[in-house]
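Quick heads-up: it's one chain on its own, the form predicted on its own, in structure tokens.
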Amino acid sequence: MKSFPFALVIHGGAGAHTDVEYKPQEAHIRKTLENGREWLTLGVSALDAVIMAVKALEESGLYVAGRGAAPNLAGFTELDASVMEGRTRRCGAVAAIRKVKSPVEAARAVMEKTSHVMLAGSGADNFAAEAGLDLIDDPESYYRPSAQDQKAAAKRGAELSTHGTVGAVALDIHGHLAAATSTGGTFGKRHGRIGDTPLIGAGTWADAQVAISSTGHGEYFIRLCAAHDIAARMEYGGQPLRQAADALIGSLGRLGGDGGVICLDKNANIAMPYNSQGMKRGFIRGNEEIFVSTF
């Protein structure tokens, strides 16, 4: 069987600001990529790789996702996540969940254990409990935004000023692609607000050609069907990966939105464009040096 060049690309959100340092996040991204290289070298599937990577980002408390999520205007956290497997186009998502330790694992459980694509709210929390996933006993004490995100939010104080969705895309040695995305949403969001992260085609997409995870102002990514737009530019327009990804970010800017995407195609080409001040990001590809950067 032919062995394909493997790759893993991850992001910790496009909500980075140039007056804030993100050394803890960059170090964590590097460590996660080091682990990812080991997983993929051993033949781990792209699906397993993106789940493990995003779960590590969620658990770290360093991003506006998982443990690092901020409360909404009603005073409690609501989290979203999605996952998609390129070869089969199976996908799953959860939205506005409150009690699940790993939202991305809940999204995978929806994909693998139900006939649905998305579950939301208390129904999703109850399903996660039935599926045997780890729950949070005391959400108020568990969730705590990182020092960097609290600093950024305090300086700006406006709705949508701080966001930090996390995501991963992977290509395994069998040539299969997958994508996963997870978020706590934006600081100061309204109770019940759902962004692009759990919406297949907006925040997450994977097919046989390309895998994409989005981060930024979700409302604009929804209006553009951003992740799928990149795939469509490649499939129907014949555009190479970088051109398709750059075009999407151009459209995002013209609408007035900001953010970025991480993209990986079947040939291990990588694109990570963004139009915000920064995007915490990194990748490994085969035996190449690890790349990590924010600005």
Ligand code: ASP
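In this text the structure is predicted, and so the values were computed from the model without any measurement. Start at 1 with the first residue shown and count on from there.
Not pictured, yet referred to below: the form predicted together with ligand ASP.
Only one of P145, G216, G86, G92 comes within 4.5 Å of ligand ASP in the model of the complex through a heavy atom, and that residue is G216. Taking the partner from elsewhere, T204 is found to have every heavy atom lying beyond 4.5 Å of ligand ASP in the model of the complex. When ligand ASP is considered in the model of the complex, K99 lies well away from it, no heavy atom lying within 4.5 Å. The closest heavy atom approach of R193 to ligand ASP in the model of the complex falls within 4.5 Å. Although the partner is absent here, T183 lies within 4.5 Å of ligand ASP in the model of the complex, judged by heavy atoms.
Stretch 184-192 is the contacting one of 105-113, 123-131, 184-192, 136-144, since its residues have non-hydrogen atoms within 4.5 Å of ligand ASP in the model of the complex.
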